[in-house]
Each structure stands twice: as C-alpha cells, then as structure tokens.
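Shown below, as structure tokens, is a lone chain in the form predicted on its own; questions about how it binds or moves come after it.
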C-alpha cells in the first residue's frame, strides 16, 4: 500500500467513532504475562479509561506474536490494529480523544521528557530484573513465559527471549550493571517523579495525561507483582505521594462504583 493510500485509510479510521467492540490483547494474566508487559498493558488500559473509551481486555497465549510490532499490548479497533502506548495515544488523538490538549508547548515537552524517563528507567529495569537476574529468570520469567507451550518449544522460546533481552541490555549499556545499580536507577527515577508530582493529584495539576497513565501502569504493577525479592517495590514505597497517586488512579478509574 502506498503512503497516500495508508494516509487515506488512517483518515477514514479517524473519522469513525470509537466502537463498543474495541479490544485490547495481552498474554494470559494468571500464568504467562510478565512484569513489563503487565505494566505496559495496564498503562494503556488506564489511558483509555481516562479518555472514557471502552475496551475489552482479551488474554491470548500468542498475543506477542499477534501484535504488529511484537510488543504488548495492542488494540483492535474497527479494522485498525495499533500496539504500544505512544501509537495508541496518537490513534485516539486522531479520533478526537486527547488528554494533553490543554497543555502548552513547554508542558507538552516536559511530559514527553518524563515519559522517556519512565521508559528508559522503569521499563528497562523491569526487563533487566526479569531476564538478567538469574534467580528471577529461573524461578519466574522462563517458567511463566513458556507456560503455554510444550517441551522442547517452551525451553527454546524462553531462552530465545532471554537472549534477545540480554542482547538489548548490552546494546544500551545495561548489560554490565549489577542488580544494586539497577535498583539505584529506579530510586533516582522515582525521586524525579515524586518531585515533579509534589502535592498535586496528577503530574499536571488536576487533570490526568498519558504520563499519569504510564507512571501508574508501571508503579502499580511493580507494587502488586510477586518477584524473588521485594526490593523493587520497596524503592517505590519510600515515596508516599507516589503511593497516594497510585491509589487515587485505582480508585478513580478501576474500582467499580456500582458496588
């Protein structure tokens, strides 16, 4: 398809209203999904809820291979399939749903900088702990990642994934880090987020943006996910305003108000 044709299809998709049948795909929640994918999926769910856009969450063992980018999560809206938070934000914005339209240029640049910080620090730390920490990889990551598959495919896929992530860590300079250095990176990231949040309900005062959705997805998942050590969660618990922030978003957007 030519670029002009793709642009035309995108414009047509943007003109269509958000359907009730919109679906978000992620790996199996109880047995398969790992910390980083769970955090990314929760961030997208939070963002869509903040936008008031309904989405049904569907868990599939082959979600990673269904995704057009190989990344989790992805959404299926009408005849469009979009993966990861950034592209999903742009997709909803094209449909007239945006959380950051009220920000000025300086605030928008600041928001993007903090989102980069979260992705470069928290997401990378999650991947490191999952696949570069030997105890976590052996006890949690490889068994969960390979759980839908039978041997020997289960072993092949798990070790292939671990090799891919470790290669990425080496490429970005994280391969030689110790676990304590990774924890310290997480602490510095949380300190920066805590300072920016201050006493505000959200990062840009009274209304949430995609930054709030992203931070909530990662912090809440770290706080509620069982790992071989509680150290990662303990680093977050040192910041009371971040804990209050997570509770606020959970209560506002995820608790059933009808009960």
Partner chain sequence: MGTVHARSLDPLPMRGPELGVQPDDIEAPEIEHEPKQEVLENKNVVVQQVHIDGLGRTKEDLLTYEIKEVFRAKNLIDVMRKSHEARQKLLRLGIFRKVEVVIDTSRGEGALPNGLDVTFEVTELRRMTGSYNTMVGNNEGSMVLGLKLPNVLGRAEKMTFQFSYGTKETSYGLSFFKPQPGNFERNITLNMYKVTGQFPWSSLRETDRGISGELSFPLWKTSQTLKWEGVWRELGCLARTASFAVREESGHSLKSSLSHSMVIDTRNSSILPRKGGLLKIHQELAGYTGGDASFLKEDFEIQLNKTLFWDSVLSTSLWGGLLLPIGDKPTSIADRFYLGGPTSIRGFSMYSLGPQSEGDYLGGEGYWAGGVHLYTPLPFRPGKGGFGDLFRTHFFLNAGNLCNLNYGEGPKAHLKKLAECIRWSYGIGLVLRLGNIARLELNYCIPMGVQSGDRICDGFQFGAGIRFL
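Since we're looking at a predicted model, the values are computed, not measured. Numbering follows the first chain given and starts at 1.
The discussion below concerns the form predicted in complex with the partner chain, not included here.
Among the residues 56, 228, 205, 62, the one placing a heavy atom within 4.5 Å of the partner chain in the model of the complex is 62. Contact with the partner chain in the model of the complex, defined as a heavy atom within 4.5 Å, holds for exactly one of 157, 113, 135, 94, namely 157.
With the partner omitted here, the stretch from 183 to 191, 145 to 153, 164 to 172, 105 to 113 that lies within 4.5 Å of the partner chain by heavy atoms in the model of the complex is 145 to 153. Taking non-hydrogen atoms only, residue 25 approaches the partner chain to within 4.5 angstroms in the model of the complex. Among residues of the shown chain, residue 74 is one whose heavy atoms approach the partner chain to within 4.5 Å in the model of the complex. When the partner chain is considered in the model of the complex, residue 201 lies well away from it, no heavy atom lying within 4.5 Å. Remark: residue 223 does not count among the residues lining the partner chain in the model of the complex, judged by a heavy atom distance of 4.5 Å or less.
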